[in-house]
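We begin with a single chain expressed as structure tokens, specifically the form predicted on its own.
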Amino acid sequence: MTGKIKRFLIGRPMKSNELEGEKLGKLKALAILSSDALSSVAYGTEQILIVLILAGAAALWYSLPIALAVLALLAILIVSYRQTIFAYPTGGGAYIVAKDNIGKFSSLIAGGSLLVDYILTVAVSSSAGTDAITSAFPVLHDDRVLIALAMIVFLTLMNLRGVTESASVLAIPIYAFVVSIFLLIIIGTINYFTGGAPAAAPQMEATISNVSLFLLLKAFSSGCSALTGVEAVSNAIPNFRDPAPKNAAATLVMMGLILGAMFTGITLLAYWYGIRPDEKATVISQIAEATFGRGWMYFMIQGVTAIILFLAANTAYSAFPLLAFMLAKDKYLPHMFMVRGDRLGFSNGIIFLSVMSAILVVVFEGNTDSLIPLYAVGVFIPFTLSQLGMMIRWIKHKPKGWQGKLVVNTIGMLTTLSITLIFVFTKFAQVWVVFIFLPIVVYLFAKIHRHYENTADQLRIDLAVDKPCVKGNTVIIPVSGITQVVRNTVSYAKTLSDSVVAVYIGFDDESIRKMEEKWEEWDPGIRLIVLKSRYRSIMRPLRKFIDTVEWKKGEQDNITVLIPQFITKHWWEAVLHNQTSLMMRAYLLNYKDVIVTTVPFHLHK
């Protein structure tokens, strides 16, 4: 039954040679890998206005020069990450660049920042999508956490079905969002110039006495949240069809042009229409209502905005598993992240991402504003490290035209470093947790790596010296009675060794006497050792007996414990029986030199 449900939810298993068919073309990749960046249009301008409104409505005109600065930074990032794609065509983005050029510690900071950022991407996107829905339907405001969690479950199932299938389904609403936003910008602009704007824009270049440099920098850093997700294309190059680097670079440029155009249009409309931040209505919602009224077009824009904000999380679902795979390959994450699932995706990475983001949504109660600063600062740390790594690469290798490439990455590094510092100084109260959490993540990476290195050292053998050691075998069978399960185990034990002994642990003299009499009558051909437990414990007397056998025969024999266990036909029937055999196995596995094996006996009815 479980298998049928799994097949229904995620589809049939795929063969390994079908992996090439799971690669993405430019249009599908643009939808899947750019959804995070494109969706930030829905809250990037709003984040700028939320800061500026603190100085009064007249200060909102500063959103225009701030937006221009954000666009300049976007252009720098697009050009520099395009260089990264061709320099590192196997993907990995900031993690691989830092690892190759700066050092292990820097690469772990970049990789840890990106992993945390992708988790936050899912949490922020699901929360922001929920905000768009509750803006149109305020009655659902109290259910925003449940709505966000439901969307995370949906995206998890879609991505477990495979990259190509999820791209085919999710590309439709993503492109619908792009078309709707451009339609909103065009019609909104026409309305403004034909006198249809509902409110007067704040006077441009008005002098506002309480607007400080600190406030402007804070607004700029908030607007830079619109740039999150730009690095995803360079991380996920292996998902592209050949020639992968060329297709990835083209996709990155298309994403930059679309994102820049939409961000510019929304910022201008917000200024022209005098839009102010509102807890119960997003900036997009207010612009759409001012342009179309509360008609079908308004609800369509709110609908596709909610969908794109939800689907922005899909960028993380594409990039997180690949980055986790690379870290696991380098022994910094558990090896389970290297395993492909039935549909050829890295299923464990997808599930882990979903669980962690769902926890964040519950903890923050779906509050997008609380998550976005954490989300953005986690992006700009790897941005900076990636640019610095590329600078070192150009200086070290000096390929043709390296001077121009160095200039681009130097400008990019200085800019992203400045943004990171601005975030730290202007929003420290909101982002301080990153400076606690990130060192913990790096520490865990180091602990995992040390474990794998220690394990490899202990498992490694010298082929010329370390030959198999042949010893005898003493078999111990714990028994609780004489049953078909015990008969099955004794029969198997006799094929392994002539030195077989059964152990019975009784709690009183009467049960011990009866067991000895029945064993003598059955006469299976092996000796029965009877132990009395004064404290009704099975494990302690058994362990003392095994210690004695190991002390006497450990040098010449392997000590094997065969645990009889019957297996019920239905899973629920197992709940009706004591799980002594399972507890015994778990307890005895701690022995260093004892082999513990379960011998199953399957019930038919």
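Between two forms, the rigid core is defined as the largest C-alpha subset superposing within 1.5 Å. Note that this is a predicted model, so its numbers are computed, not measured. Sequential numbering from 1, following the sequence displayed.
Quick note: we don't show the form predicted together with a further copy of the same chain, though the next part is all about it.
- Within this chain, F566 lines the site of a further copy of the same chain in the predicted complex, having a heavy atom no more than 4.5 Å away.
- A residue is said to contact a partner when one of its heavy atoms sits within 4.5 Å of a partner heavy atom; V490 meets this definition for a further copy of the same chain in the predicted complex.
- In the predicted complex, no heavy atom of S63 sits within 4.5 Å of a further copy of the same chain.
- In the predicted complex, D457 approaches a further copy of the same chain with a heavy atom inside 4.5 Å.
- Taking the partner from elsewhere, every residue among M336, K471 and Y535 has a non-hydrogen atom within 4.5 angstroms of a further copy of the same chain in the predicted complex.
- Comparing 427-435, 515-523, 75-83, 232-240 against a further copy of the same chain in the predicted complex, the single stretch with non-hydrogen atoms within 4.5 angstroms of it is 515-523.
- A heavy atom within 4.5 Å of a further copy of the same chain in the predicted complex is found for exactly one of I172, I190, L463, V153: L463.
- Taking G341, P478, G265, P245 one by one, only a single residue has any non-hydrogen atom within 4.5 Å of a further copy of the same chain in the predicted complex, and it is G341.
- With the core superposed, T474 shows a C-alpha displacement of at least 2 Å between the shown form and the other one.
- Annotation: Cα of Y535 displaced by at least 2 Å between the shown form and the other one, core superposition.
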